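The data below hold one chain only, encoded as structure tokens and taken in the form predicted on its own.
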């Protein structure tokens, strides 16, 4: 690499920093403006160079070029004589105008225009892009409809209304690619797990040949100002061959990953969570029992305002509020050190931080007559506008709570894969009458599982102990991950955790052990 290109990149970074400083963080978040770091851009272009035949002239397109981090890397990796054309689109003149001046006379054609509105020309054999990460709720309905229509025309795939702008960029780009062209997209890895990502995955499996998905270690956030886990998706604009396998890699760099695994497109078509790879093996969900076969899993209560609806014993006494309208509730995981919650004689949890949830079905008229202090407290909440908040406003009683009876086992909702204990999520045995807020998932035994627990009084403890011994990979493979290594489990995701170990804990003469017919667990 010549010193001229090094110096040019140094100047570009200074320009990028100055331009970023002129915008607020919320402005850049709303527009999805997160510049690609130099080292990452160079890693992407070096990998792209390994995918292109040596004699092929490069026709390069970046649909969201910003100040040109990928173009700078292109000049570093490819000899200038090999670059036949380079085109970039930038919607925001705040970045586009300085970048146009900065790259003049270098061979880059930079258009200050909206890529999603441009007329496609299918001549580009190297498409590299870090598209704007704009969430769907920042797109008004008319814009969503327009994007859905244009994306379907370009790629044959209709995106979900919940899809972010980056999904539309990827689909729209199909109409710009030459036959056999290579594309590398730096996008959030969440598309691999969430429902709106299904359309993207169909496109990658059906319309093109998916070559490689590299997922960066979420503990190594690629964008310091965006809490998002990133992946680079590589594909070729040609129909996939039969029995095709995709290279899934994780950690390290594109050329030197820490982990890798080849996964058939047939298996990918059946697997709803692609982030299981390359860490986890392929499994047949039809033959492997999951937690859903033994437990109904629900999110804890969303109160609408924990500070108002959840009170301590001291606060209840100080306000002379009636204890009979409160039910015990477990504190958030950071305040609950133990993994087993024992009960007091009154059914409340025997823990240091004892909290209670306001939970009554009495009307305000009844409360006014019977409990004046509670009525005054509710009026206080109204002066704060609590009754107009979304959750409260859509209840039959604005202060009424969801029906969440105490669950014998609860699981933390958020966790990290690098904890000292090695457990990203905690399973807590709850012997009390305490319910839980939405920072937990509640596990309720199915009828047949409850029957087995009646037959074996130690079964619940055995299951709880086994759950806490599950490998981190088993749980992380079902959840979703965000930048910084934060993992989350939704009820459906925890339900999908393999649970053959529970069958092994059941007596030999139990119905499930005898029949092995998993559908029995769903029966009343």
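Treat the numbers as computed from the prediction; the structure is a model and nothing was measured. Residue numbers count along the first chain shown, from 1.
Separately, the form predicted in complex with a small molecule exists; it is not shown, and the next lines address it.
Novice: Only one of 261-269, 127-135, 199-207, 355-363 gets a heavy atom within 4.5 Å of the small molecule in the model of the complex; which is it?
Specialist: It is 127-135 that comes within 4.5 Å of the partner.
Novice: Between the options 216, 115, 185, 274, which residue brings a heavy atom to within 4.5 Å of the small molecule in the model of the complex?
Specialist: It is 115 that has a heavy atom within 4.5 Å of the partner.
Novice: Can residue 169 be called a contact residue for the small molecule in the model of the complex at 4.5 Å between heavy atoms?
Specialist: Answer yes; at least one heavy atom of residue 169 falls within 4.5 Å of the small molecule in the model of the complex.
Novice: Using a 4.5 angstroms cut-off on non-hydrogen atoms, would residue 296 count as touching the small molecule in the model of the complex?
Specialist: Answer no; every heavy atom of residue 296 is more than 4.5 Å from the small molecule in the model of the complex.
Novice: Is residue 34 a contact residue for the small molecule in the model of the complex, using a 4.5 Å heavy atom cut-off?
Specialist: Close contact exists here: in the model of the complex, residue 34 approaches the small molecule to within 4.5 Å, heavy atoms only.
Novice: With a 4.5 Å heavy atom cut-off, would you call residue 91 a contact of the small molecule in the model of the complex?
Specialist: So residue 91 counts as contacting the small molecule.
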